[in-house]
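As C-alpha cells, one chain now follows by itself in the form predicted alone.
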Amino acid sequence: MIKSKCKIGSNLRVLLESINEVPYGTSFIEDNEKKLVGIVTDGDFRRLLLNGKGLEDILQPSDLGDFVSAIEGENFDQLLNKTNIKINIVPIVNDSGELVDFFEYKHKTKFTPVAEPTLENRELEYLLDAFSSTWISSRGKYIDRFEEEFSSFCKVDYGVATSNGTVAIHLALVALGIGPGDEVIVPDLTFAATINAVLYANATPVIVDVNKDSWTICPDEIEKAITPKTKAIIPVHVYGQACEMDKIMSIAKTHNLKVVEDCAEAHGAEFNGQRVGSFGDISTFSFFANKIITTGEGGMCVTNSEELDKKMRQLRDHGMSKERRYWHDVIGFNYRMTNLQAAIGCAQLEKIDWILDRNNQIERNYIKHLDDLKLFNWQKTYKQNRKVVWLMSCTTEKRKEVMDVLVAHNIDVRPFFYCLSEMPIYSKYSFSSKNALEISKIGINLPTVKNVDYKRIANLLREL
C-alpha cells in the first residue's frame, strides 16, 4: 500500500504530512475519482512556499507541473528510460489512471562537460620550473619561448603575449591607430569580445551578416557596409572555420583597410593552405581554459610587421619606453601575460597537433553515431579550408529538445552565441543580420572532451 497520497484540494499542511510519511519525499496527488493527477516532491513543496503559499492554502491543479508516469505492465527498460538525473520516481497507473505502484531509480551519471583543458603533458613540470625560478610575473624565459614558438606555429614573424584574448584585439586596434570616428566592420555571429574591443578603442563597430553555410563573415556584406569612415575589418574564424580570406584581403587592399583576424577559436585552421593569423596586419588568439590550447587566461597578437610588434610591446607594457626605463612616451596598458601562464602555454603548444587530431576524431565519432538520427546538420567542410574543431558545433531545428534531454542526463551542451545585433547594447550598430539570426537560434555545441559516450547520447536522442 502506498502511504504518501494526497487529494487535490487538500491544504499544504496535509500535503507536507504526506511527503513526510515516507523516506523518498514524494506525494502522489489524486483527484476525487482516485485518478493520479500529479506528484509533488519535497523540492516542489519548498518552491510552493517560496512562491508565497501558506500551510493552510489549498493545493490547486495549477500548482502541479508536468509529470512522467508509466502504465502497469511496462518492463524494466521502459521504466528506466522514463528516468533521468531530475526524475527519480515514476508513478505506475492502471488502465483507469489509478496509482498502483511506483518505480524509483537514482542515476549516478558522471557529469560530461562541454569542454575541458587537456593538461596531461609537461604543463606541471614547466609550471613548477617557472615557479622555482621566482620569475612568476611578466618576465621570464617561458614568455619569450611561448611568443617565439606560437608565432612560428602561425607562420608569422612576431608574437606578443597578452593577459587575455579580448585585450589582444584592443591592443591590435590601438597599435593600428584605430580610434574615435573610425568604423570597424565585425560579424554578427561572434562572441561579444570582438565588438567590445572596438568600443574600448572608442571606434564605431558596424555589424554585418555571415554566410549561411560557413557561418563566417560575408565578404559581400563587408563591401556593402564600407563608408568613408571605415578603417578596419575584423574577420572572425568562428567555431574553427576559416573566413574567405582571399576576398577579404582583396576588399581591404582596394579600400585601404586594416585587417585584424580574430582567431580565438581557430588555432591551426587554414585557408588555401595558409594558416589563419598570417593574413591580417595583426591577428589575435585566446588561450582561455576552453580553447584549443590554454594558459588559463591569456592571449596573443601575431604579426609580420616589426614596427607593429614594437608598438604593441610598448603599449602592452604601460607605454613605457624600451630605451629609457620608467619613461612613458604614450599612454599604454598593463596587458602582459605571466611567466607562469606562458609555461603552461609552452607545454600545450607541444601537443597542439595531437589535440587537433583528437578533436577531429571526436567530430567523426559524433557523425558516425548520430548521423542516422537526422537531427543535426554538421559544420561544413570546404576543399580550400582546413577546418579545426574547437567545439563540436552543429545546427538542429530541435535545439531546445536536444538540450533539455542531454542536460537532464548530466551532459553539458551550449547554444551558439547570441547575435550581436540581438542585444540592445549593440543593436544600433547593426548593418545586416538575416543569416546570423537564423544560425544563432539553431546552433548547438556538443561535448568536445575525451571519453564521450556517443552511444548513450544517441540513445537519449533517438525518440526526438
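As the structure is a computational prediction, the values presented were derived from the model and not from experiment. Heads up: residue numbers just count along the shown sequence, starting at 1.
Although it is not shown, the form predicted in complex with a small molecule is what the next lines describe.
Although the partner is absent from this view, Asn164 contacts the small molecule in the predicted complex, with a non-hydrogen atom inside 4.5 angstroms. In the predicted complex, the small molecule sits within 4.5 Å of a heavy atom of Phe288. The shortest heavy atom separation between Ala193 and the small molecule in the predicted complex is within 4.5 Å. Looking at Asp262, you'd find a heavy atom of it within 4.5 angstroms of the small molecule in the predicted complex. The chain is drawn here without the small molecule; in the predicted complex, the stretch among 330-338, 251-259, 280-288, 215-223 whose residues come within 4.5 Å of it by any heavy atom is 280-288. Among the residues Val302, Ala343, Cys243, Ile169, the one placing a heavy atom within 4.5 Å of the small molecule in the predicted complex is Ile169. Of the listed positions (Val389, Val236, Val160, Val198), a single one reaches within 4.5 angstroms of the small molecule by any non-hydrogen atom in the predicted complex, namely Val236.
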